[in-house]
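One chain comes next, on its own, written out as C-alpha cells in the form predicted alone.
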Amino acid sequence: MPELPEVEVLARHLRPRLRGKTIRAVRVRRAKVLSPTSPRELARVLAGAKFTDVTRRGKYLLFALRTRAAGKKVVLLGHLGMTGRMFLARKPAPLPKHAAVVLELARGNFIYEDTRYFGRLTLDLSAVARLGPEPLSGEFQAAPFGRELKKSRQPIKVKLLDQTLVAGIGNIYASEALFRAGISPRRAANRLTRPQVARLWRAIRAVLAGAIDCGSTIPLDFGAGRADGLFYFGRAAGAPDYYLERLRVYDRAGKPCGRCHFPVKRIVQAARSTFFCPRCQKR
C-alpha cells in the first residue's frame, strides 16, 4: 500500500496537470469506491466543477474544486488502497478494464483505476478528520510525540502504524525509521527513553523526506500501451527512470545489514512484516 512519500509524489505529479481543468462529465463504473457518496451525488457536485489544487493529507489525496453553482468550494478525497492508480489519459485511448471512476475533461480523462476496489474516491472527508499530525510539518513535535508514546504498551513498530499518532507512516517507513534510530521494533512504546524518542522523531522526518526527494522505482508514465506493472510510484525530477529506493532493512530479510553486515531479520507484528537488524536494534 502506498505510504506518505508515494502519495506526495503523485500529488505533485497531478497538481499541474489538473489545476484549472473543468470536469465535463462523471462516469461511475464501480459505486463501491464512492461510499458513502452516491454516484448521483458525485455527478451532481462535480459536473462543471474546476480543479484548483491537489494536495495530500497522510496517505490521502485531496482534490480541491470550485463548483459551477455559486463557485462553492468542495474537496474530493482519494485513497489508492492496495492496487489503485490515478492518472490522466487521452480520450481516444480505451478505458482500462478496472476503471472505477472516470472524470471527463476537455482534452482527456482523469481515471481512477483499481483492480481490487479497496481504495476510495469520495466526498466524505471523515477519514482525514481522525488523522494525527503531518510528520513533515511544524505540528509534529518531539515532546508531544513522546507524551503520546508514553500512553501505549504496544510495540513501537505497531504503534507507528496508528494514523491518529502521526499521519502517513506505514509498514515500509516504520521499519526504516526504527532502523535509522537504532530502536528495536519490539520495544514497548512507553519504554522509549527521551533520547530514543528524539532520535525516532528525527528519523521519521529524515526517512520520509528522503523518500520523497528520491521518488521511487517507476516513473509516472501511464502512456498508451505501457505496462508499468505498478500503480502509484513516481520519481524525483532528474532521477534515473528506474531509481532504486535506498531501503536499508525493509524486504531485505537474510541480507547483510549495511552497517554491521549481520543478517536482517523478518518478524510478524500485528499481521504485518517487520524488518530490522538484531545487532543494530537491540531490544
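When you see a residue number, it is the position in the sequence shown, counting from 1. Predicted model, so just to flag it, every value in this text is computed and none were measured.
Although it is not shown, the form predicted in complex with the DNA is what the next lines describe.
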- 4.5 Å heavy atom contact, residue 186 to the DNA in the predicted complex: no
- Message: Against the DNA in the predicted complex, would residue 32 count as a contact residue? Criterion: heavy atoms within 4.5 Å.
- Response: yes
- Is there any non-hydrogen atom of residue 145 lying within 4.5 Å of the DNA in the predicted complex? no
- Message: My question is simply whether residue 116 lines the interface with the DNA in the predicted complex - judged by any non-hydrogen atom within 4.5 Å.
- Response: yes
- Query: Would the DNA be touched by all three of 36, 68 and 122 in the predicted complex, meaning a heavy atom each within 4.5 Å?
  - Reply: no
- Query: So which stretch, 177-185, 195-203, 137-145, 97-105, is the one near the DNA in the predicted complex (non-hydrogen atoms, 4.5 Å)?
  - Reply: 97-105
- Check each of 72, 130, 191, 90 and return the one that places a heavy atom within 4.5 angstroms of the DNA in the predicted complex. 130
- Item | Position in contact with the DNA when the complex is considered in the predicted complex, options 76, 208, 111, 172, heavy atoms within 4.5 Å | 172
- Residues from 119-155 in contact with the DNA (non-hydrogen atom within 4.5 Å) in the predicted complex: 127, 130, 152, 153, 154
